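We begin with a single chain expressed as structure tokens, specifically the form predicted alone.
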């Protein structure tokens, strides 16, 4: 059972992180695997409780690793509890806390991963060879755990509130600047003086330099309807307008040998994209026909359709061609 729990945590971490990094269209199977692994973790805890109780009786509360085990148990309870509550709709991105319960779930999950590794290292007693554990009984138990987890995950999905295939909940669409303002890393919203703000274009370009806000608005305008799917657990489709990133770097004569473009915020947050993909992205200055507000990235934010919200860089002040 310890191996089953370890495998469940590994799958949860793997699918959770890759679900953030993968393009939105590829996340559905990752979300399903994440749910099944979460249910398997909860089901396995009953058997683990018996193992832990016998271990405590044999070794005592003062034994090495007990405190670490307690911390791991708390992290499991928080991670699984928040995940289950999110699935059935008991919590959401805007309730019961002002900070998204999904983000708290992620923080608890990352802490769980670190604690499981530390717990395994501390409790590194001699174990039987892996091959001796791969018995017919173990295989049947594993199949039963997987089957039960799949069934329960499907039932929980059916009774919960509607969610997108990424797990995010709808926060309203085509509402202009009324979409939620969330900052995952607790950054403060920067106050930008538009008179002194400049968009720097640097790196592998023939004419590096700066572009004022007025100059940016003079580029050819484009409008797209795109879904912002935030890793805080909400999604919203809006009409964004602005200029093509490709037009901006093209005005500075990007070198043909350049392969990527990095978009950088005044806060230091940044993300790198393949050049062809980045050039198709929008540098949005308006949402729903109105200028983007400070909380949503004024004076300009990136709109890379098909990517999760943390790559929609706000408050951009530099485009670096690499």
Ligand code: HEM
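Numbering follows the first chain given and starts at 1. Just so you know, these numbers come straight off a predicted model, no measurement behind them.
From this point on, the text means the form predicted together with ligand HEM, which you will not see here.
- Proximity to ligand HEM in the predicted complex, defined as a heavy atom within 4.5 Å, singles out one entry of 282, 292, 254, 41, which is 41.
- This chain is displayed alone, yet in the predicted complex one of 166, 72, 236, 100 has a heavy atom within 4.5 Å of ligand HEM; that residue is 166.
- Comment: 110-118 is the region of 214-222, 110-118, 197-205, 173-181 lying near ligand HEM in the predicted complex, near meaning a non-hydrogen atom within 4.5 Å.
- Although the partner is absent here, residue 24 is not a contact residue: none of its heavy atoms lies within 4.5 angstroms of ligand HEM in the predicted complex.
- Remark: residue 310 does not count among the residues lining ligand HEM in the predicted complex, judged by a heavy atom distance of 4.5 Å or less.
- Contact between residue 92 and ligand HEM in the predicted complex is not found at the 4.5 Å heavy atom cutoff.
- With a 4.5 Å cutoff on heavy atoms, residue 86 counts as touching ligand HEM in the predicted complex.
- Each of 12, 16 and 79 places at least one heavy atom within 4.5 Å of ligand HEM in the predicted complex.
- Residues of 24-39 lying near ligand HEM in the predicted complex, listed in sequence order, are 31, 34, 35, 38, 39, the criterion being any heavy atom within 4.5 Å.
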